[in-house]
Structures are given as structure tokens and as C-alpha cells.
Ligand SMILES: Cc1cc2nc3c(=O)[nH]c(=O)nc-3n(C[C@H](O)[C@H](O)[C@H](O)COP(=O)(O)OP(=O)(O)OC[C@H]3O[C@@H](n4cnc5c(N)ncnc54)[C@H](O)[C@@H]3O)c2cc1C
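Take a look at this single chain, the form predicted alone, given in C-alpha cells.
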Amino acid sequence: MRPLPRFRVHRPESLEEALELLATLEKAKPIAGGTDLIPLMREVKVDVKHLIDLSRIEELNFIREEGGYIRIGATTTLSDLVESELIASKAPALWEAAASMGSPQIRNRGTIGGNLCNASPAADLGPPLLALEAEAEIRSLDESRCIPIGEVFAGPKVNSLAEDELLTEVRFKTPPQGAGSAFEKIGRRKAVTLALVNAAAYIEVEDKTCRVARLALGAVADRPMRLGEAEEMLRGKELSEELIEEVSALCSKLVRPIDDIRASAWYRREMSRVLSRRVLLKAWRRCKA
């Protein structure tokens, strides 16, 4: 196994201290679980001289409902999400995505902020957070800004944060009673695998009519994507299996997959149709439950 390059570790105990280190140190990177960053460092795909360990910063680790929003700190682990009754009951799509990721050891280390900032097109937390219309809080020493979660992804494995910025929080409106959401993915194995395609849906129904519909897919473009045309076909309509079948067929035409060593573009298009149907049906059923 290739050894890690030499680097220094800094362990700030406050967000302010971490942001100051990022602003002043050359070639510094934040690290929480390290499940993505350490392999990249070992393969010399990133040049890092200083690691800013965020694990001691308590203000970045939380899950709570507040002011009509569900708020999640950036260093919240995947295991924390899976163990949260709030996430399981109010945002089952996010719960299912977190539960599907890696092994127990990876879930114990990997964080919501790390998964997003790694910016993989196949990031499993991307589609459910897009479907929930989540936003990310981005902080630097000088300012704080909120951006839609989709804007964190700038391209394959490239995020939109400046070198002195941290993603500190993810939040989305608390889904109302009767809303339904769902997540599904297809990989080469049933566990410990990257998604070949993943999908999430969010639906609100009022008097049998679809009032809100959101659908997002991952691993089918250079970043996780919302399928606006498919969503529009559902809004204002009475849901049926026939309508969902029609919408799912459209989804296979809206995605922009590529051929790579894990799957062909053709297969990803077909699985986009299959998974769109599955998550829409599951989310709809949860609306009726």
C-alpha cells in the first residue's frame, strides 16, 4: 500500500479557530471522517500540507428541528442520520440513503458534509437532499452564505467552496404530515458499493392531487440532478401507476449518463426509468400511509 505523504494535523476546538486556520495555512484541507480524503491523499490526487480536524468542534455536530426546519451539522455522521428518529420519520429518503452507504465502519466515520463536499456525481446523499430542497450554509472568516444544495456540486469531484470556506450546516423545511419521500439505488453489489444509479422522490398530495413533486437522480450526469420536466408532469394531476410509468419513461430521456468502467450509458438510462418509477411509487404510498 502506498504511504501517505507528510502533513501536519491541527485540531481546533471552535469553528472560528478552524476558519482562521483555513484562511492562513497554505495547502490546508478540512477533514472529518476522512473516508474520501485519505484515499485521495494516498493516491496523490490532492496536495495537502495541513489537515484541519473538525471532529472536536461540537457546534458542527447536531440534528435538530427548529423554526420549521430540520437542521444537520456538517460533521454529523451517516450513523447519526441512521439512528435519528427525526430523520427516519420526517425524511425517510435521507434515512434510506444514509443506511445504504458503505459498511458500518464507514458510516461511523463518514459525514454529511464530507459526502457533499467530495462532490461525486454518485453521492448518495445528493438526490434525497435535492428532493427535499435542502440548502447548505457556507462559512468563512468574513462571511456566511446559504446556497441550494445542488450548487455545492461544481462538477465531478469538484465542489464550489473557496479554499477558506467550510460547509457548516445542511437544512431543509420540515415535511408536512402526509408527505412522502423515498430513495433507491443500484450498485454492483447489495452493500459497500458505489451507486451505478441512485434516485430520490418527494411528494405531497392534497385531495388525491399531487401538489408537490420533486425527483432527483445521481450518477447519470456530471453531478446529481433534479428532473424538472418530470416533476411538472406530476404537479396538479391525480396520481396513478399509469402516470408514474409515463413520467419514468421521460426520465430516461432527461438524464445525461456516460459509459465508464462501472456501467454503460444505455444501462444507466434504463435504470433511471426503473428507479424513478420505484421511488415515485414508494413516496406516493407513503403519502397515503
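Everything quoted here is computed from the prediction, not taken from an experiment. The first residue of the shown sequence is 1; numbering continues from there.
Although not depicted, the form predicted together with the ligand is the subject of the following passage.
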Non-hydrogen atom contact residue 106 with the ligand in the model of the complex at 4.5 angstroms: yes
query: Would residue 257 show up as a contact with the ligand in the model of the complex if we use heavy atoms at 4.5 Å?
result: no
message: With the partner left out here, check for me: in the model of the complex, does some heavy atom of residue 226 sit within 4.5 Å of the ligand?
response: no
Any non-hydrogen atom of residue 110 within 4.5 angstroms of the ligand in the model of the complex: yes
field: the ligand: the contacting residue among 79, 100, 140, 160 in the model of the complex [heavy atom, 4.5 Å]
entry: 100
query: Ok, 31, 70, 247, 57: which has a heavy atom sitting within 4.5 Å of the ligand in the model of the complex?
result: 31
message: Looking at heavy atoms inside 4.5 Å, which stretch does the ligand contact in the model of the complex, given the options 165 to 173, 212 to 220, 128 to 136, 142 to 150?
response: 165 to 173
- prompt: Should the three residues 35, 74 and 115 be counted as contacting the ligand in the model of the complex, with contact defined as a heavy atom within 4.5 Å for each?
  reply: yes
message: Only counting heavy atoms and a 4.5 Å limit, does any residue of 218 to 246 reach the ligand in the model of the complex, and if so which ones?
response: none
